[in-house]
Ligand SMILES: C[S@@+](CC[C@H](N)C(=O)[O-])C[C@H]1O[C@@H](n2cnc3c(N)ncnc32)[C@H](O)[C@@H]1O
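Form predicted alone, single chain, as structure tokens, below.
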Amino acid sequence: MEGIVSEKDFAPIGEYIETISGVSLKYEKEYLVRQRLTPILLRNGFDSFSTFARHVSSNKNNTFNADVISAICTHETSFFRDEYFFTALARHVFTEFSGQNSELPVKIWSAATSTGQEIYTLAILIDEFVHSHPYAGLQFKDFNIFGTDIDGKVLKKTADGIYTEAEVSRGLSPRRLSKYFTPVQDGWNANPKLRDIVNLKRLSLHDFAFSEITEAPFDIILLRNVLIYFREDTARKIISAIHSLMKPGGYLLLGSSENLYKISDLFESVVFENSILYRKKEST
């Protein structure tokens, strides 16, 4: 296998990756593509990236597509990542919903749930909220969490809810770990109570096949650290589609380094303490 993928070969490979995953990669990411795809090429009988480039330029439906998606997509996540966002959810958004006697259940969509830490963070947050606000009129079962990801492998890990010692050490306090997880041979297993309000489905955001999301409309959508991987026009279409799946006044959460500037004016930014959330604008 050659040492560096040429720009000429990278172009059709990058186009192929974007076609199957929506992820847009510039040539500056050549090393990442080479490192992550080399094992897949070897398993599938390609002797070079040049051969692979010629193949994918004319063949988009391949048996190794799922492996490429899994290799390319970044699954960096942790429990209570950027915890101030979750603090804002509990202190302000959940409280707002309980004060409005919102239509139940309260529906939350984690739109790129990866290996599930975000999903179980939400479930823990909900349980803590209902116990600390006994007069809010909301119970744990009044919440539904819907999780999607393009990668079926990470969805299986989410469904299993088993995390290593290293994974639970990132973001989970000892108190939360002992309360919401059970020790097992391979690490820690999320308690059935958390998993009971979770529904998972494989979904590719860039395909815009949102008619499959029968769980809509949602009160809260988390699309954190996802838009940075898409072209601006793709991000614009995704946000527009997501907007149509939200209840009036619903909240959208993006990653700490993301915003809707030049992407959408369908939301208004709302500052809660040191967090910026986006609320669906009222129709005019």
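Throughout, we count residues from 1 along the sequence that is shown. All figures in this text were calculated on a predicted structure; none of them were measured in a lab.
Separately, the form predicted together with the named molecule exists; it is not shown, and the next lines address it.
- In the model of the complex, the named molecule sits beyond 4.5 Å of every heavy atom of L138.
- At a distance threshold of 4.5 angstroms between non-hydrogen atoms, V23 is in contact with the named molecule in the model of the complex.
- Mapping the unseen interface onto this chain, E212 falls outside it, with no heavy atom inside 4.5 Å of the named molecule in the model of the complex.
- Looking at Y229, you'd find a heavy atom of it within 4.5 angstroms of the named molecule in the model of the complex.
- Stretch-level contact analysis of 122-130, 161-169, 196-204, 174-182 against the named molecule in the model of the complex, using heavy atoms and a 4.5 Å limit, identifies 196-204.
- Against the named molecule in the model of the complex, the set T74, R81 and A111 is in full contact: each member has a heavy atom within 4.5 Å.
- When you look in the model of the complex, the only residue of V106, L89, A190, I150 with a non-hydrogen atom within 4.5 Å of the named molecule is I150.
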